[in-house]
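There is one chain below, alone, in structure tokens, taken in the form predicted on its own.
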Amino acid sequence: MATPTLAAYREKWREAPRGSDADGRVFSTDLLAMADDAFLAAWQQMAARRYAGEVGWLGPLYFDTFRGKNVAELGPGLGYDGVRFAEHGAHWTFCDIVPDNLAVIRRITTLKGLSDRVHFHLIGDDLSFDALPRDFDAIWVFGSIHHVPFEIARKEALDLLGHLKPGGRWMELVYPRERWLREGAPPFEQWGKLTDGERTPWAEWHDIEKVRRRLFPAPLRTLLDFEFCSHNYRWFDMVYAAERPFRAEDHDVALLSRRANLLQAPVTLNRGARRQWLGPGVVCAPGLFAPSAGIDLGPSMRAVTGAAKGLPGFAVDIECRVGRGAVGIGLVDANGAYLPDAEASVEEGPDSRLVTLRAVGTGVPAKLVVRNLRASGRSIFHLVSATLRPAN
């Protein structure tokens, strides 16, 4: 099925940064109108700015990693990264929705004598990559996929993921939530105009769990996850930790992400033996680490135990909104002990946060608990949804 909104993105991304984000933008169509000498000189000047700017560290970090390897890039713009890595021995496939962008890169690589190391794929409205081989060592996604809504990005990413080798790398640059908050937490339809100019139809923040959700149920192991350049960017480098190439049809996603409907069960608040439904605006007891709510995972654990056979543990995907203060959401075992690395903090903010708690090789979770992280006063939170599933 065609994606009716793709035309707006294709129209926007005919323009690309002139190397650094501080240098303005240029249309690929205008570059193509230049004579070869002027065209090559203009591209070289922009690329030099790119290599010397805020992301110049990418080359030294990955030159050896990519030498002799096959890499697919999603949304290359004018091809600065891929051309640089091809010059250092990588075999690069440029995948873009804009024909003129690919034409610029094809012309540059021809002038540079790199034609034997590069390939091209024009992404159609079906977001399919079926024409590509399935032996890529890495997939490079640099500031592109966060410019389409999550569901479109998920369809595109899962199709491309099927072309990655077991043990291959998924590498991605995104805009972090901290930048979105700093810029006023606008609707994603408006935020793009702040990040990338008036013609930008969409920009959406991401963190590691949001990327994992987009690629679910593929098993991924995080190698790098950090923000840089004053919280303007976030970089992820992940390993596809599987023994065979990813195929969505190999996974019973409905079973693995079975909705345990945890919020339909009564929860016990800390005020005596009172029991009530966990609804909007639950108020935490005052005091740091004061427990406020707990959800018995027993019935839900039994519901997914069959699906979890052979898998390393369990995960709970949670959407939580905090209207005041901050809360910690964690998993505890049958003895009430917190499971290591199975707690996340959510602070007051204008949006819901998506967090995932994992109990992998650390014990069996018996309860999900919420506790106050505000030293003085009360926190107010709302658990929008919670899903128990085998960990991926």
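Residue numbers here begin at 1 and follow the sequence given. Computed from a predicted model, the values in this text were never measured in an experiment.
Heads up, the form predicted in complex with a small molecule isn't pictured, but that's what we're talking about next.
Handout entry: Interface membership of Asp196, the small molecule in the predicted complex, 4.5 Å heavy atom rule
Key = Contact with the small molecule, yes.
Practice task
Would you check, heavy atoms only and a 4.5 Å threshold, whether Phe381 touches the small molecule in the predicted complex?
Solution key: Contact with the small molecule, no.
Exercise for the section: Check whether Ile139 has any heavy atom within 4.5 Å of a heavy atom of the small molecule in the predicted complex, and answer yes or no. Expected result: Residue-level check for Ile139: no, no contact with the small molecule.
Problem - 4.5 Å heavy atom contact, Arg234 and the small molecule in the predicted complex - result: Residue-level check for Arg234: no, no contact with the small molecule.
Handout entry: Contacting member of Gly162, Pro176, Pro217, Gly143, with respect to the small molecule in the predicted complex [4.5 Å, heavy atom]
Key = Looking at the other structure, the residue within range turns out to be Gly143.
Exercise for the section: Taking 4.5 Å between heavy atoms as the contact cutoff, choose which of Val98, Val83, Val71, Val211 touches the small molecule in the predicted complex. Expected result: It is Val98 that has a heavy atom within 4.5 Å of the partner.
Practice task
Tell me whether Gly328, Lys367 and Arg389, taken together, all sit within 4.5 Å of the small molecule in the predicted complex, counting heavy atoms only.
Solution key: Not one of the three qualifies.
Exercise for the section: Work out which of the listed stretches, 315 to 323, 236 to 244, 111 to 119, 98 to 106, brings a heavy atom within 4.5 angstroms of the small molecule in the predicted complex. Expected result: After filtering at 4.5 Å, what remains is 98 to 106.
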